[in-house]
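Before any questions on binding or motion, here is one chain by itself as structure tokens, the form predicted on its own.
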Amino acid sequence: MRVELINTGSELLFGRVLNTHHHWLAQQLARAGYTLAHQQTVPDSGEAIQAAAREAIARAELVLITGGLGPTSDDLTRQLIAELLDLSLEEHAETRDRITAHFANRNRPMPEPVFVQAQVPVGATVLRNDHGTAPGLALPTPRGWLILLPGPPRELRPMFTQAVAPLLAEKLPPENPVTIRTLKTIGIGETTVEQSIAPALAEWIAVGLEIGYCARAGEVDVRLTASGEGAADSIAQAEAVVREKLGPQIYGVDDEQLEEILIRQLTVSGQTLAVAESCTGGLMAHRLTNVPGASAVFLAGHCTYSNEAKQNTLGVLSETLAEHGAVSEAIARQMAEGARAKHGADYALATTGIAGPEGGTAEKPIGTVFIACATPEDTEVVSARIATDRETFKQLVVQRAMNLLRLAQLP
């Protein structure tokens, strides 16, 4: 079965909006057993949208199109697809009522053009939008199905999960479902990962297991893919081998994030955490508090960027600053221990470094960082030089800090 995705929107091609649809929808399709064969982004023009849709419908059993279902003049997808399939539009009464209620509940004036969203191609299955006003649409094609989804992710994602996935499972189940398992590693390079596991997986590779590697800043994903009968068993056996070879360098699976792992570990152990950040500027606290349930274990986060803040908030000693400087093992240690003591936390993490592009010295070049993890037993401080751009530096430092605590919590 061939699956294609078309993202509409000139703003995507101008680089004004990040296209997250490809990433998210490809993940959802893969979980359901489908493999995305082709993806393209086209501008908000009738010619481009119709040409892309015409070609995709002719060669694919499943085509998904995102965007262009709203009420403004550049929202053309609904009308263009109806023309392409030689279908007239008719008003969908339930959608009109939902649009009216949407504006009434928010006490907002209702412009007449919004009702264009209630016009749907004859014979279409209307996919209810619980987070906006433009419904999605599902239309049969000579080869299979065409799915139209709204552009905003907060509308598209629940619609796909709640309406599209069940519809596909019923109307267009995958012929040869693909099973994928991703193991997420940290602190080890891509080549080293491959050299560690590939020889041990040779017998599974010989019978159809595929191994893929995806390197990101500080991390490497190992992707195990198999299809057909016995795929789940093959992947389970291969995963056991990978875990044996890589051990604690595997921190999670599939879509798990390191902060989720950390919050879960702390919740299970009934322990608490505080953080003190200098060079990471609050990024670690931000990521940790993005996890639902973090409030049960995360006590406080301090962004102590200046020396005065380090002293006044965390109890860092002025003589230590004078002797060692703000970017030093001694200061990272005092920051972590100060945060832990201030809040009575079981653990505390601290970061201090030189993110650049200025501020480095011969002794402490740009990218120098010290990360401290204070535990009930002692305080561990690690240092590194991460010579990269400022934003990537902050991300990598946070990853290393959270991983330091993850490892400290391992039995």
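Because the structure is a prediction, the values reported are computed rather than measured. Heads up, when I say rigid core I mean the largest set of C-alphas that superpose within 1.5 Å between the two forms. Just count from 1 along the sequence shown to find any residue number.
Below: the form predicted together with another copy of the chain, not depicted.
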Can you check whether residue 365 is within 4.5 Å of another copy of the chain in the model of the complex, heavy atom basis?
no
Does another copy of the chain get within 4.5 angstroms of any non-hydrogen atom of residue 375 in the model of the complex?
no
Considering non-hydrogen atoms and a 4.5 Å limit, does another copy of the chain approach residue 61 in the model of the complex?
no
Against another copy of the chain in the model of the complex, would residue 44 count as a contact residue? Criterion: heavy atoms within 4.5 Å.
yes
Based on heavy atom distances of 4.5 Å or less, which listed stretch (142 to 150, 325 to 333, 120 to 128, 250 to 258) is in contact with another copy of the chain in the model of the complex?
250 to 258
In the model of the complex, which of the listed residues (191, 318, 267, 100) lies with a heavy atom within 4.5 Å of another copy of the chain?
191
Quick one: name the residues from 107 to 123 with any non-hydrogen atom within 4.5 angstroms of another copy of the chain in the model of the complex.
108, 111, 112, 113, 114
Aligning on the rigid core, do we see the C-alpha of residue 43 shift 2 angstroms or more between the shown form and the other one?
no
Tell me, please, whether between the shown form and the other one the C-alpha of residue 358 is shifted by 2 Å or more, with the rigid core used for superposition.
yes
